[in-house]
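Read the single chain below, which is given as structure tokens and is the form predicted alone.
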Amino acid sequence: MSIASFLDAVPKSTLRAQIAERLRAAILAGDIPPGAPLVETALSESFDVSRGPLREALRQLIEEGLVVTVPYTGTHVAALSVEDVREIFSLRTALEIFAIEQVWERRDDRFRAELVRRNDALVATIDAGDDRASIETELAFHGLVYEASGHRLLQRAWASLRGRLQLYWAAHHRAHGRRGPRRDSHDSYIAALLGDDLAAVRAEIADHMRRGVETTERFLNTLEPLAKRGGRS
């Protein structure tokens, strides 16, 4: 089935935003799989738009990390590989521990209440079976320590990881038949972050990230034989 079959023409207003949103939704739903080419001529015909707003939308998705452009190869959905996953999660572990260290002495009542509120929002989306919303609320949950850090370069680094994390989470949620993470997946994270032992938080973050990378690696390893069979067909 072609990519075009998942996409409808959009109204002429707010073209860039609507094109980006529809492509993002199709990518996260798996309708456009990792590594799939995004051909401008086909997409512009599907959306019934000129290439100008389409290119703007693609640039936005490139900035989000969902789409990549490779010289002499073209533009395609960011691929999933075990090596990519290990790099993303190892970097994220270091960044999140650093963010928490910046926030540690500034955890006031407002921070604590916001952490609990964001987790409640995440659990609500899980209970609703809304996978797309659960990914967004999980990103918001983890994003709090970056926002509260006041460290602008750290915040930019987190922003650069968000797109790939959306892609990975969407993929392994589908692989395990989930509509988001487990309801209790952040309980120990919250307990550590609201406690008084910074070393315990560092250990919890490392363990939390390790569990995430192991889950995603298992999923990718199940895809590899399928990809090899597909290449022989």
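Only the largest set of C-alpha atoms that superpose within 1.5 Å between the two forms is called the rigid core. Sequential numbering from 1, following the sequence displayed. This is a predicted model, so every value here is computed, not measured.
The following text describes the form predicted together with the DNA, which does not appear among the structures shown.
K.L.:
Counting non-hydrogen atoms within 4.5 angstroms of the DNA in the model of the complex, say which of Ser81, Gln102, Thr75, Thr93 makes the cut.
P.N.:
Selected residue: Thr75.
K.L.:
Go through Leu198, Val39, Ala171, Ile190 and name the one with a heavy atom inside 4.5 Å of the DNA in the model of the complex.
P.N.:
The residue in contact is Val39.
K.L.:
Is there any non-hydrogen atom of Arg51 lying within 4.5 Å of the DNA in the model of the complex?
P.N.:
Taking the distances in the model of the complex, the answer for Arg51 is yes, it comes within 4.5 Å of the DNA.
K.L.:
Even though the DNA is not shown here, does Arg16 get within 4.5 Å of it in the model of the complex, heavy atoms only?
P.N.:
Judged by the heavy-atom cut-off of 4.5 Å, Arg16 is in contact with the DNA in the model of the complex.
K.L.:
Please tell me whether any heavy atom belonging to Arg202 falls inside 4.5 Å of a heavy atom of the DNA, as the geometry stands in the model of the complex.
P.N.:
Looking in the model of the complex, residue contacts with the DNA do not include Arg202, since no heavy atom lies within 4.5 Å.
K.L.:
Please determine whether His186 contacts the DNA in the model of the complex, using a 4.5 Å cut-off between heavy atoms.
P.N.:
Close contact is absent here: in the model of the complex, His186 is far from the DNA, nothing within 4.5 Å, heavy atoms only.
K.L.:
So which stretch, 162-170, 42-50, 25-33, 204-212, is the one near the DNA in the model of the complex (non-hydrogen atoms, 4.5 Å)?
P.N.:
Of the options, only 42-50 has residues within 4.5 Å of the partner.
K.L.:
Would the DNA be touched by all three of Arg110, Arg112 and Gly150 in the model of the complex, meaning a heavy atom each within 4.5 Å?
P.N.:
The answer is no: none of the three residues contacts the partner (heavy atom, 4.5 Å cut-off).
K.L.:
Can a Cα shift of no less than 2 Å be assigned to Ala42 between the shown form and the other one, given superposition on the rigid core?
P.N.:
After core superposition, the displacement of the Ala42 C-alpha between the shown form and the other one reaches the 2 Å mark, so yes.
K.L.:
Note yes or no: does the Cα of Val67 move by 2 Å or more between the shown form and the other one after the core is superposed?
P.N.:
Val67 C-alpha, core-superposed: shift of 2 Å or more.
K.L.:
After the core is matched up, is the C-alpha of His76 off by 2 Å or more between the shown form and the other one?
P.N.:
Comparing forms between the shown form and the other one, the His76 CA shifts at least 2 Å.
K.L.:
So the Cα-Cα distance between Arg59 and Glu136 shifts by 3 Å or more in the model of the complex; is it shorter or longer than what we see here?
P.N.:
Farther apart in the model of the complex, by 3 Å or more.
K.L.:
Between Arg55 and Ile135, do the C-alpha atoms lie closer or farther in the model of the complex than in the shown form, with a difference of 3 angstroms or more?
P.N.:
Here the pair is closer than in the model of the complex; there, farther apart.
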